[in-house]
Structure formats: C-alpha cells, structure tokens
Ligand code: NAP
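Quick setup: one chain, the form predicted on its own, written in structure tokens, and binding and motion questions come after.
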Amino acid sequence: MTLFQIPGMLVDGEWLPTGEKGTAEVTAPYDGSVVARVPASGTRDVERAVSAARQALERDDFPRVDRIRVLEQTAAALNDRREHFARAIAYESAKPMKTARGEATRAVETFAFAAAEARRLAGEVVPMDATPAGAGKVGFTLRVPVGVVAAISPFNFPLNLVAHKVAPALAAGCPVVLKPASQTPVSALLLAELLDGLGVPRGWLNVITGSGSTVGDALVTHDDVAYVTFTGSAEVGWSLAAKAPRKKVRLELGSNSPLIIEADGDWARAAEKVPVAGFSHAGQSCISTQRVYVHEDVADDFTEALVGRVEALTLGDPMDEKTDVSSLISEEDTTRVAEWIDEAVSAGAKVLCGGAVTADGVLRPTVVEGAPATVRLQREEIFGPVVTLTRYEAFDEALSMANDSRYGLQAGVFTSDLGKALQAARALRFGGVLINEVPTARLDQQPYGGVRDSGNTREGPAYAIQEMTEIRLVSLEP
C-alpha cells in the first residue's frame, strides 16, 4: 500500500497508469517507505507527449481569459490544499513539514503572480513615423508564444519549482511537457491532477515521469520543442544546452552562495538567519548559504552564536513537527558530503559542530572553520548541511573571496555602511546581491537567476513569461 495514490502520468488529457518501461516506486529518503508508484517513461512516451503539446498549440483552444481563470483557480485550490501538498513534499523529499508548508504557500503565490502577469501581457506601439520612410504607417508589437515548452524540474522544491515553470508557460500561451525529478514526482502529479480538474484542455499540460538520461535528453533534443527550462546541476544543465544549440535553453543552476558579515553589520541577526539559510532542507537549495566570510573583529561573537543555534536544531523524521533538519535525498549524497568534510579537515579545517551521521542516517548540521579555498567545501556546491566560516580583515578582501567562484547566483552582505553596500552591489558578480539579508532569501516575484556556471535566465513569473514569448512586429499602412 502506498501513501499517495497516483492515477498515472498525464498525456494528451489521458491518465496513463504505466509508461513504456512499466512503473517505478517513489521511496521516502528518510525511512525508505513507498510513497507512490508512478509510470516509468521512455522515448515513445516523450514523442506522444510532445506531439500532443504541438497539436494543442496548433488548435489554439486555450484563450487567455481561460488561462487566467485556471491560474487564479489553481492558486485558490492550492491554498485550500496546502497541508495535503506539504505532506507530499515532506514524504517524497524529506523536507521537514514546517519547511514543506512554506513551499506550498509559495506555490500559491507563484500561480497568483502568473495570473496577474497574464492579464497585463502586451506589446507596444512602435513610432513608425519617426523617420520619413515610416510616414503614414502604424506599427505595434504582439507577444506571441514561443512554442512547446519542455520543463525539467529538480527534487529539492518538487512543487514550487514546477509552479515556476508550468504557471508562466500557461500564462504565455505555451503548451507544456513537464518532467519532474524522478526522486520526487508526486507533488507534480498531484498538481497536474488539480489543473486537469480545473479545465486545462487536453495537450496543454503533459507530465511524464522517468529518468533524466532518457526522458530529459529526448525532450531537449525533440524538434517540436521550442523552449527548454531546466533547474538542476551546472554539469547537467550545460550539457543539455550543448545538445540543443539552436533552441532557447534556459538554465537555473547551482551555486556556493557567499555571505559577508562586516564588523559594522548586524552580526547577531546574521547568526539568527544562517541556521535556517544554511541547513533548511539539509542545505539542498541552489542558494543555500554556504561560504560565510566574517570580519575578524566580530568573528568570535558571531561564531559562538551561530554554533549554539546550529547545535540546537532538531534532527529526525520530516513528518515530526519539531524537526528542523532531516535526511539528504539519498545515502550516496550523505556519503559524498561526509567525504568532502573529511577532505577539508585533512587540509587543515576545523569542525566546530556536526560532521557525524546519526543512527537514523541524518548528517548532523556542520559548521567548518578555516577550510582552504581549494577544497570542495569551498569550491563546489555542497548541496548538504554544511556552512564554512572564513575570517577576513578588509572588505575588499571579502569581496574578492566571494567572487572567487565559478558560480554566481546570489550573494549576501551585512553592513550598516551605505557606501559598502553600493560597493558590494557593483563588485559582486552575481545575479542577485542582497544587503542585510542572507543569499538564501528569494521572493517568487523577483527576477531570480545567475551568471557564469549558475545559469543564463531570470525566473519569476513576469520575467519567465517574457522569455517564453517572442516579439512579432505588425506594420499597417492604410
């Protein structure tokens, strides 16, 4: 008996209980219990789903007024079912319930913002008569759908990051083929059930479940897919983009987000925020606070406050209301992160707290001080419950260390000096620079994305909708 009964995957308005490769079990990372059974798709399933989406685009039978209605009703229905979706998130990803509820609430907001943006999506007037050749002409632009959207979502936000792909696509008038992460497809399928029940015409939303190497590659390279939106690791993302050089492949990738704490900043407030920013969902967030650079004048006080709060975090079952940190998505990831900690210690770093794995397989939240800049805890994206501390003397030095990364998603700076804040905003090469805030903060309406190996897009409904449409010029001459 499974915890969630899933009717199958949605293709061309039909729920298919099995895929080309049969079915697969979705298991809970914390205790291995069976959460659901879902179809295991293959390339023929991809072909059928993309064909259905292409036919939906050609039928053009989902007018804007209906899309707005569905998006608004989805936001309302999600709001009514937040607890149900939070339970699905918690079971399939080991995200603690208190955190899962926050994700469900954010998904409500994402759909609401998408509906609002769909209402105001418009072109603009072009001043054709600004030159002699344009005299007597009237010009304007239309925003038209880019085409079929392939959406590939990750395991760490199995509902809200699906919402950030599906809601803008529908708002823009683009049919979608969604491939949720194979570890966490349940929330996405429950969302598809909800949308299907609210009257999305057949073919406009298709959800296929299966492996990234099979389903993901087939989607990205399909000739009838015009736009790919992918969230995941840098290595996978850029490899997918290389396979489809003539498509719009938009990537929201990883990071090793830095936080700078100046001596004049509110270090006590930073110490309150970092335990959530660095260890929420066991650090499995693209913008999890990872590298903390703290001025030597306040480093002792900050470190003492931080370690005390980290040691007070409650570990265990994600369904327990008291739990702050639970399992990583897999045992392999737990082993990997533990190895990275050992590597840093061998290179001279000191573990201030954590570092061990509990009897139920949870890696204790770990604070590491003095890790050399060359070790993986500093160079790579940990995607685990580890925060590194590095002391510095000069602000310029901290800015330089923060920039010493192949990633560039978001950075945070705590300072009371407006001049330093503006200097950081100009100097830090990141998609977002957050002053007096941790880099883990994200509002769903903001332009969110990175530079360098962190990606090439800006998400947030208003920005995603613009990317999912194209400009068409219309010129009229009476």
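The first residue of the sequence shown is number 1, and the count goes up from there. A quick note: this is a predicted structure, and the numbers were derived from the prediction, not measured.
There is another form of this protein, the form predicted together with this ligand, and it is not shown here; the text below is about that form.
Taking a 4.5 Å heavy atom cutoff to this ligand in the predicted bound form, the contact residue among A90, L240, V162, A344 is L240.
Here is the short version: of L377, L205, A181, V362, the single residue with a heavy atom within 4.5 Å of this ligand in the predicted bound form is A181.
Although the partner is absent here, G216 sits close enough that one of its heavy atoms falls within 4.5 Å of this ligand in the predicted bound form. Although the partner is absent here, T314 is not a contact residue: none of its heavy atoms lies within 4.5 angstroms of this ligand in the predicted bound form. Contact check for F430: no non-hydrogen atom falls within 4.5 Å of this ligand in the predicted bound form. The closest heavy atom approach of S211 to this ligand in the predicted bound form falls within 4.5 Å. Exactly one of the stretches 145-153, 95-103, 121-129, 365-373 approaches this ligand in the predicted bound form with heavy atoms within 4.5 Å, and it is 145-153. Applying a 4.5 Å heavy atom cutoff to this ligand in the predicted bound form picks out L409 as the lone residue from 392-412.
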